[in-house]
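Okay, so here's just one chain, in structure tokens, the form predicted alone.
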Amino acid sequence: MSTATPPDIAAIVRQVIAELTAPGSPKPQATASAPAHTGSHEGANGVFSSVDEAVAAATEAFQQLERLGVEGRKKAIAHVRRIAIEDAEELGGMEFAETKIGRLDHKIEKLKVLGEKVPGVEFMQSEVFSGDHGLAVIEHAPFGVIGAITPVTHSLPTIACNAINMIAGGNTVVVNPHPSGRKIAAEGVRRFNAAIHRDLGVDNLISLVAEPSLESAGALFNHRGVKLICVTGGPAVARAALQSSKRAIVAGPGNPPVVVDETADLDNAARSIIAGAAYDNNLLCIGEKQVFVVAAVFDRMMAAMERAGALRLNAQQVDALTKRAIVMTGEGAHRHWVPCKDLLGQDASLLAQAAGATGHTGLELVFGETDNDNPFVPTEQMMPFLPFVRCKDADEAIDRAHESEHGFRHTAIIHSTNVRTMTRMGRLLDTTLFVKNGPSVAGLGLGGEGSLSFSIATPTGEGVTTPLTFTRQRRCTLVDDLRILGSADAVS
């Protein structure tokens, strides 16, 4: 049973919905509502017309999942992985057609890599302590039904990634998707649940609100049946989750800076910057957003970027693009720069055209020199243009990087072979991901070490989410028995 949205949450959720529908994506068109389901929720395949129905179905599914044990979780996750990989081209194409942002090849690739790289039940390792006073086992228990809000930038990949992690931890999930990505979200959820139901007889491990709205977001945040909230999105949705009375895992915004010092391998830095910033047209929250280069190598770094295939804009073209791409919004103290929705997530060739330059087929990134006050520097622009700022030395570059990151403590990148410089930047910015001498995506195990997730919890500190993120510790203690070590008198 859901409760009314408290006044203090309602205002914030209005801001959330405003952010979800702008900047960036086409407004959702009206579609027929999902049919209502009453009584048994079997056969719904996870798509519901209300939060109440979705939570009730997820609660029933959670009880069934408990009876299936870890092996059942493993089988359910295997279906999500298989569909993400086998149907990647079709589902990626559907997402690209609906959201109209990013790159088709990367929409497909994101589904394939999550099927391979996101960890599952193998992460669920218990801890055991034995001694003179018996045995203690620390297990990782599920929360139950998790409420999740997902972004348009990675609609189905975020849902699938979270589902693998959450089900591995023994949970079920109800998703309130971004309105502009709700169709692909529903299609993916239907396919996942149908396959799981055919194999295991359990439906609705992943449930979804078919027509997400202000009311459904507030209802999900405050539903008694929801035990944990997981939010992936921008500043407004992060604030709403943090002010909820429930435990929240919050993947908030980022504005990742890059520092290049005089010791860097410039060609490697250029290739890495393009690989990270151009990925899905810079929609990734970890993607390189602004670059600070020491003056001694600045011109050579710009030349390296051109050799690596990026298009350099001159000063007039940078000014023209800035006026088109970044706009001011808000009132009074809340005024700030935001990316123009018409260019957010669009191809580099379109940005070149907007700047008055000539792009070419296959162009991945445009870039240009700016001063530190250019609106592109402090803005999470989410488009494949990078501002390059000339700095007198590494200390100035690091200080400016710190300022531009806004204290989000999300992601930072440096290209250097000076350990002291890397250490200073790491300590000052204190980001969740800190990548040295590689593309930003290496921080998620793509070309670097570690596991993959599309939810990186920076404000609440969990970091790159894994199955353990969505569990609670439970200690089971047996006193004075099963002692492996001890004196003969103790066991006689």
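Start at 1 with the first residue shown and count on from there. On a predicted model such as this, the values are computed, not experimentally measured, just so you know.
The form predicted together with a small molecule exists for this protein as well; it is not shown, and the discussion that follows is about that form.
Trainee: Of these, 92, 254, 387, 142, which has a heavy atom no more than 4.5 Å from the small molecule in the predicted bound form?
Mentor: Partner contact (heavy atom, 4.5 Å) among the options: 254.
Trainee: Consider the chain as shown here, without its partner, and state which of 80, 382, 325, 310 has a heavy atom within 4.5 Å of the small molecule in the predicted bound form.
Mentor: It is 382 that has a heavy atom within 4.5 Å of the partner.
Trainee: Spell it out for me: taking the small molecule in the predicted bound form, does every residue among 272, 401 and 426 have a heavy atom no farther than 4.5 Å from it?
Mentor: Checked in the predicted bound form: no contact with the small molecule for any of the three.
Trainee: Counting only non-hydrogen atoms, which stretch in 213 to 221, 290 to 298, 362 to 370, 417 to 425 is within 4.5 Å of the small molecule in the predicted bound form?
Mentor: Among the listed stretches, the partner-contacting one is 213 to 221.
Trainee: Would you check, heavy atoms only and a 4.5 Å threshold, whether residue 166 touches the small molecule in the predicted bound form?
Mentor: Outside the cut-off, so no.
Trainee: Look up in the predicted bound form whether residue 61 has a non-hydrogen atom within 4.5 angstroms of the small molecule, and give yes or no.
Mentor: No, no contact at 4.5 Å.
Trainee: Can you tell me whether residue 147 touches the small molecule? I mean in the predicted bound form, with a 4.5 angstroms heavy atom cut-off.
Mentor: No, residue 147 stays farther than 4.5 Å from the small molecule in the predicted bound form.
Trainee: Is residue 431 close enough to touch the small molecule in the predicted bound form, meaning at least one heavy atom pair within 4.5 Å?
Mentor: Contact check for residue 431: no, nothing within 4.5 Å of the small molecule in the predicted bound form.
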